[in-house]
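Two forms, one chain: they're shown below as structure tokens, one block per form, named structure 1 and structure 2.
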Structure 1
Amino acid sequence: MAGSLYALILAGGSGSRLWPLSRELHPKQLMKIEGDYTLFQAAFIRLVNCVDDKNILSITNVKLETQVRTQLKELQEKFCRNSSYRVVTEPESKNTAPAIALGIKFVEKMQDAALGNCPKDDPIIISVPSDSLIGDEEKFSEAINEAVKLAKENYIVALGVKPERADAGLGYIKTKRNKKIKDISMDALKVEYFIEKPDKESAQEFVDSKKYYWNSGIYVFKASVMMAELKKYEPEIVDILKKSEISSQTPTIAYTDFEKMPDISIDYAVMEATKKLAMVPLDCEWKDVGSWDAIYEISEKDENGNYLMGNVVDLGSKNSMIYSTSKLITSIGLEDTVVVETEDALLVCDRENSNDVKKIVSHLKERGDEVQLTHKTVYRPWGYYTVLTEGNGFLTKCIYVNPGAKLSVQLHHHRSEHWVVVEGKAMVLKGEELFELQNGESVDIEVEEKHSLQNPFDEPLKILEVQQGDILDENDIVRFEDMYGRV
């Protein structure tokens, strides 16, 4: 029996090919690339037309959980829902095959919790990436509805997009007509095979032949069918999952042995091998936001083929993308070049090589460089902070506290802190004393002194903090109380 519809949004990726704009701790899917919503939020909103919103699960990793929950909370308010949207948290990112398996298991647990010993149906699951732009929500819903029909008949269905150019960074689907499939859904096609990231020449041939589609990464399948295919082609994933304990109420990060999961995508694990694949065309604008070259391709360019963004002064460059988020970029005579600037890092890259950006990120990771992890701006449950300057024995931050938020009650062994309110007002706990600090006022927090910074007011609070001490380290923190459970 096939029945209730669920959706999984895969939101645990690190987006390393969009360095330095995207970071492991603030990846592209959590950023606004186009419009008012982040890519992740847009993926959620798109699904609400097809699936009951309480059946949409967001799968991410523990490091991104807070940000994902914050973005979901914004949507929940928009849709006026009372119950929180579900987040499934992986202890670490393990690519899409383990993420999807975990999502399916979680759906089953939700059903167990809701229905107890009553008979359960076999849920249909829509799995979507969280990093693409889709131009037409109705076309998306139509394609999903067609795919669901096929999934009910035990097909694993991919949504395919007509290719517009020979992009070597995408996956290609070779299709053929098939009567059985056509009987279920008019436009659907049988999939002959998958090719992930071909070389440039092959990509051009595929586009010219008109028999290939881009793989959108959107899949629809019956839970039991996918689990059977996983068991067949990647049994390790199913075995590890079987042993794990998962609570359906409070997703914890205590999944047994999750770190042993193979690091493999669903495309390589199942899609390349399975015989059950069908494809439904997604007949609207679809943009992959995978690499800088892809972003260049989808951008509106000037008469010299340049996409210039932010504070840029250019002289004679061609077919280049120059993107500034903070400082002035001056450029002369560049060709086919990508320049991306953020507050703390810079990428200058030949456009052709833009898929190699992830190699740079791996390299930074190997050498233990924190810059690949975070921006100078670091997101916290209560807001964010930006490191302004680090000197010998001191460090300054600009701290932004959301209305209603509170930093934990804490102390530091090695540093004193000095706060000046520059926007809004603060409630400060200093030792045992609790008092308001107005815009323009300041307070000193001594080494070993218990303190907390709070914003119980309606306006955002911004303070400048000067830290001083022999050790200035985020780990020098003893927490006593924390509204975000971090004690």
Structure 2
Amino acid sequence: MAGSLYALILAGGSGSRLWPLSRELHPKQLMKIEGDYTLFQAAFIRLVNCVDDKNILSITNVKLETQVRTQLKELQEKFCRNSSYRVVTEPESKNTAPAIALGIKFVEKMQDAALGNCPKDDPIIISVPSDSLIGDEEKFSEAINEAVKLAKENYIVALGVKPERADAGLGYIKTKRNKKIKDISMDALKVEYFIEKPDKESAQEFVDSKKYYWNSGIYVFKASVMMAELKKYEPEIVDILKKSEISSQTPTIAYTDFEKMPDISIDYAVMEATKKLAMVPLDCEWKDVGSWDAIYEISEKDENGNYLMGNVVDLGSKNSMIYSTSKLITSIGLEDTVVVETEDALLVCDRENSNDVKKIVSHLKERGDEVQLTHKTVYRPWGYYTVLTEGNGFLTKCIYVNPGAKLSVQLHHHRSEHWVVVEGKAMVLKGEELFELQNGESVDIEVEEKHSLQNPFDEPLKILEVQQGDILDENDIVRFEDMYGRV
């Protein structure tokens, strides 16, 4: 029997096709692409119209957990919600099939904890990516409601979008009419077949035929139906979860178990194979932000078809995207080109090949280049820091601490630190001593000395930090107390 409604927000991806703006430790879903909220926050707000907010689970990589929790806390404070929002963590990224399976397993554990020995229903689950733009949220909710009707009848339901262009970075759905499905939901269709990320020529054929829909990546299904299909097509995922210890109080899985998971998307694992797939059209101004070409397509352009953002001077370019975050970019006579600049990297590519940016990221990862991992400016719950210079045995940062915020009480095994207040004033914990530093004053923190930096004042605080040591790594932090729950 179909019962309670839950939602899973898949927020663990690295957004590699939007490098260099998106990085592994600060991916696109945690960024503000459009509007006042990050893509992840917008996905959560959108789902609250369909699902009780306490039944919305966010699934992310353990490396992103703190950022996800911080963004959820911002929503709780803004909308005065009292629910304890659940974050399910993956020990490492293994794509969407293991993530969805883990989410389903945790929903089942939540029901066990809540109902004990009482009879349990078969929850219906809405699985959504955290990196889409939706224009009409009312139509989104209507489509979800129609999909729920079909899910109650044991269909796995995809939400499909009429394509506007050929995009090889998306999945395509070919449909046909089916009386049984139409009797349940008037506009719903049977899926004839599903193709995930075809080649460019095939994508163009699909669009020209007008018989295909884009796959939005949004699915609605009964928990039991999805797990049965995973058992049928990717049994290893289900077998690993069956043997793993997961409880409603421990929303994660042991690394030694999860590392054995296949690295596969739900699209390849189930959607291309299942016979239970139906589709509901999604007519709500859905936009994919999966590549730079997709960003270009949804952006406002000038009379020459260019999208220029930031400090850009262009002469004679056409149909190009030029995006500056810090430096001046000058360009002459470009056509169908993407140029993206950040403080530590520059991307230049043909718009048509922008889906291949992920290959650059893979290459950087293989050679151990941390430019794929994080920006020089790194955001934390208390503010941010920017790496200024680094060399053999030293590193300098500018640390910005928001009013009312403070860093954790911590120590480092391998480095000492020298702090100089360059703006505002600071409260410093050094060992057992707590004291105030004024603008221009400094303090030394020794190796393995417990310390904390606080800003209980109304003005922002800026600190120049000089680190010295044989290991200068963010992993060299031992936390004792933390107002953001990172201990």
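What you see is a predicted model, and the numbers here were worked out from it, not measured in a lab. Each form is matched to the other, and the largest set of C-alpha atoms that superpose within 1.5 Å is called the rigid core. Along the sequence of structure 1, residues get numbers from 1 upward.
The form predicted in complex with another copy of the chain is represented by structure 1; structure 2 is the other form. The two forms, fitted on the rigid core, differ between structures 1 and 2 by less than 2 Å at the CA of L21. When two forms of a protein are overlaid on their rigid core, residues whose CA moves 2 Å or more are considered shifted, and V62 is not one of them between structures 1 and 2. Comparing the forms between structures 1 and 2 on their rigid core, the Cα displacement of P91 stays under 2 Å.
On rigid-core superposition between structures 1 and 2, the C-alpha of D473 is found to move 4.4 angstrom. Fit the two forms on the rigid core and the C-alpha of V420 turns out 2.8 Å off between structures 1 and 2.
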